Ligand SMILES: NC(=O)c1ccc[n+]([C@@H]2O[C@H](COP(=O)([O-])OP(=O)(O)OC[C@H]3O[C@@H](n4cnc5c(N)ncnc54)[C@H](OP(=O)(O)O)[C@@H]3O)[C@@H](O)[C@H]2O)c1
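This document opens with one chain alone, in structure tokens, the form predicted on its own.
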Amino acid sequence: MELGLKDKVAIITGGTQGIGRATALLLAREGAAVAVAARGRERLEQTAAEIRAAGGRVAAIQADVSKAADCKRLVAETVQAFGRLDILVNNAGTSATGEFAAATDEIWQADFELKLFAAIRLARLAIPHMKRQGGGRIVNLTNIGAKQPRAKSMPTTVTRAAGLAFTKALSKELAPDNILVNTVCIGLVRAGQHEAKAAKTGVPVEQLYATMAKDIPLGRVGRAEEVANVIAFLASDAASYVSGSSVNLDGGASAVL
């Protein structure tokens, strides 16, 4: 399927690992120029080199999107590098979960800054550029816990639920400007944090993934590339009538739509 991404410009936050890296590589293969944002310089350069080696156009921008100044600089440097901005993928985030009593104000604040305020600030900065060229796409990464929170899942499930509300409200406001806003709600996906856990506990990583998959109807943990495929679709011309939607990408695990 022709996605119509050639010569589009995309920002991907958290773009050097897992879902972000897979999304950057895929969008670049489809002809988009990508601005990859992350805090670590070494991984940024590695990801950028991989994209360039495959013939893609990339700007590696070191930024901590939990900081307002870095968000502003990220958008400015992207537009300076490529002359426009069409797609924003708000992917940066970690899974911060635990008992409610153990979550301090500082933990809550840090999670809101990274997952919700980063998306708010970057959208605010990106929207004027999208409006000038007649439209755009914003894809927010959330998770299925935002719809069906479990015990000891805060602050992540709360900040992700806020991300769902932000997506829906913004989609309605921006529809007249042809800026489409959607969210991908992920379940269990292979990631570096799981590999680190396996290494720390001495459990083979495939054994860990098999244990994690026992309650997933498809019988396995998802891959970052599978999430990237859905993000690329939502960012593309093929999804021109999709806005305000949340797509569960969880192997059928969630009990809610």
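For every residue, the number given is its place in the sequence shown, counted from 1. Keep in mind that this is a model prediction, so the values were computed, not measured.
There is also a form predicted together with the ligand; it is not shown, and the following applies to it.
Student: Quick one: which of 93-101, 129-137, 76-84, 174-182 gets within 4.5 Å of the ligand in the predicted complex, going by heavy atoms?
Tutor: So the stretch in question is 93-101.
Student: With the ligand left out of view, which of Val65, Ala60, Ala228, Ala33 would have a heavy atom within 4.5 Å of it in the predicted complex?
Tutor: Exactly one listed residue reaches within 4.5 Å, namely Val65.
Student: Any of the heavy atoms of Thr16 lying within 4.5 Å of the ligand in the predicted complex?
Tutor: So Thr16 counts as contacting the ligand.
Student: Looking in the predicted complex, any heavy atom of Gly187 within 4.5 Å of the ligand?
Tutor: Residue-level check for Gly187: yes, a contact with the ligand.
Student: Is there a heavy atom of Ala38 no more than 4.5 Å from a heavy atom of the ligand in the predicted complex?
Tutor: Yes - in the predicted complex, heavy atoms of Ala38 and the ligand come within 4.5 Å of each other.
Student: Does any part of Gln46 reach within 4.5 Å of the ligand in the predicted complex? Heavy atoms only, please.
Tutor: The answer is no: Gln46 has no heavy atom within 4.5 Å of the ligand.
Student: Under the 4.5 Å heavy atom criterion, name the residues of 189-217 that approach the ligand in the predicted complex, in sequence order.
Tutor: Val189, Ala191, Gly192, Gln193, His194, in sequence order.
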